[in-house]
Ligand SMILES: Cc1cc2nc3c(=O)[nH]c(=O)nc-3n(C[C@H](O)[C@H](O)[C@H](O)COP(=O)(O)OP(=O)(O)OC[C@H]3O[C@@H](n4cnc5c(N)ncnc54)[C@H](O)[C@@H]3O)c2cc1C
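Quick setup: one chain, the form predicted alone, written in structure tokens, and binding and motion questions come after.
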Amino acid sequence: MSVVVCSWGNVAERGIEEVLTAARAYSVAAGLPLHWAVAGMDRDAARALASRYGVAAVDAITHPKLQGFAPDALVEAFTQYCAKAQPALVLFNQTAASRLVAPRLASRLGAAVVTNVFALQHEAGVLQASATAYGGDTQVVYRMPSRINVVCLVPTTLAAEPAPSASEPACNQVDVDLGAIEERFKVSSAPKPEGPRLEDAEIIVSGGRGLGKADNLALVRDLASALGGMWGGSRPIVDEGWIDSSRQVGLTGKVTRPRLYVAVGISGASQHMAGCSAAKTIVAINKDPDAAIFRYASYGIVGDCLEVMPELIKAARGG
């Protein structure tokens, strides 16, 4: 029995260090060894990272069909791996891709599966997974006494903490038979984002429908520029066509974790807060004193954002 983190790709994906940290804490509490199953990843790079986070063994799954993102092959590879390893808990770094793989793997294994998890506990021999529900509007705790469980961890709610002492993990070669597997869907073309990503930004200024019209987004862009950050927006202004969906912060957009998040004319609906509630500091500007955003804000300004923003931009520029 073990705790296993499953990954794939040529390099370790963003957020995996946070997931390995949470996995290590749970494995210690449960008294189980921590393994990292990597498909298609350079084993030396994986071992170097694993040694920092207390991983007992790197299980390297190699096969030509595991190059790139191949969900059908990955589901089959991890199914065969789990049949041999018999883990008690299988963890995924929650991404759009892992949400395609994890539930299908759980079905193959006859396992329970939970997504949107932000904390794990081992209580009286049973896994307890804390997760968000209803678009982040509430939190629930799942008791999971199953023989094997599959969990997707949201890395933006976690902190990466290397193990107190580094040790060289074992490296095991895992052979799988994928000869009969053919991908049912193939991506013929995909967007290639360029430049910095919104989810990596340390400072974000986001605008909402309270700005009144699309032209007033210039205030959001100017403040973001003055603060050395990036700008985004809420789902309503995406629906209105003011901004592209690549700029959307929220449950169905980008999930961010900046040091500073400035919400301008945003009401604070749960769907939006799911994408920014992990910010260290939230500043809200809204003329409605009862707006939900103020429940989450470290600092709040009750006022017309069209009057407040020019003054903030001036101050940020040192004027």
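Numbers follow the displayed sequence, beginning with 1. Since we're looking at a predicted model, the values are computed, not measured.
A second form of this protein, the form predicted together with the named molecule, is not displayed here; the remarks below concern that form.
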Every residue of Gly210, Val249 and Asn286 near the named molecule in the predicted complex, heavy atom within 4.5 Å: yes
statement: Checked Ala269, Ala70, Ala30, Ala57 for heavy atoms within 4.5 Å of the named molecule in the predicted complex; positive is Ala269
query: Among 249 to 257, 60 to 68, 41 to 49, 22 to 30, which stretch has residues whose heavy atoms lie within 4.5 Å of the named molecule in the predicted complex?
result: 249 to 257
query: Does the named molecule come within 4.5 Å of any heavy atom of Asp304 in the predicted complex?
result: yes
message: Can you work out whether Arg104 and the named molecule are in contact in the predicted complex, taking contact to mean some heavy atom pair no more than 4.5 Å apart?
response: no
- prompt: Using heavy atoms and a 4.5 Å limit, would one call Gly229 a contact residue for the named molecule in the predicted complex?
  reply: no
message: Just checking whether Pro236 would be counted as a contact of the named molecule in the predicted complex - the rule being heavy atoms within 4.5 angstroms.
response: yes
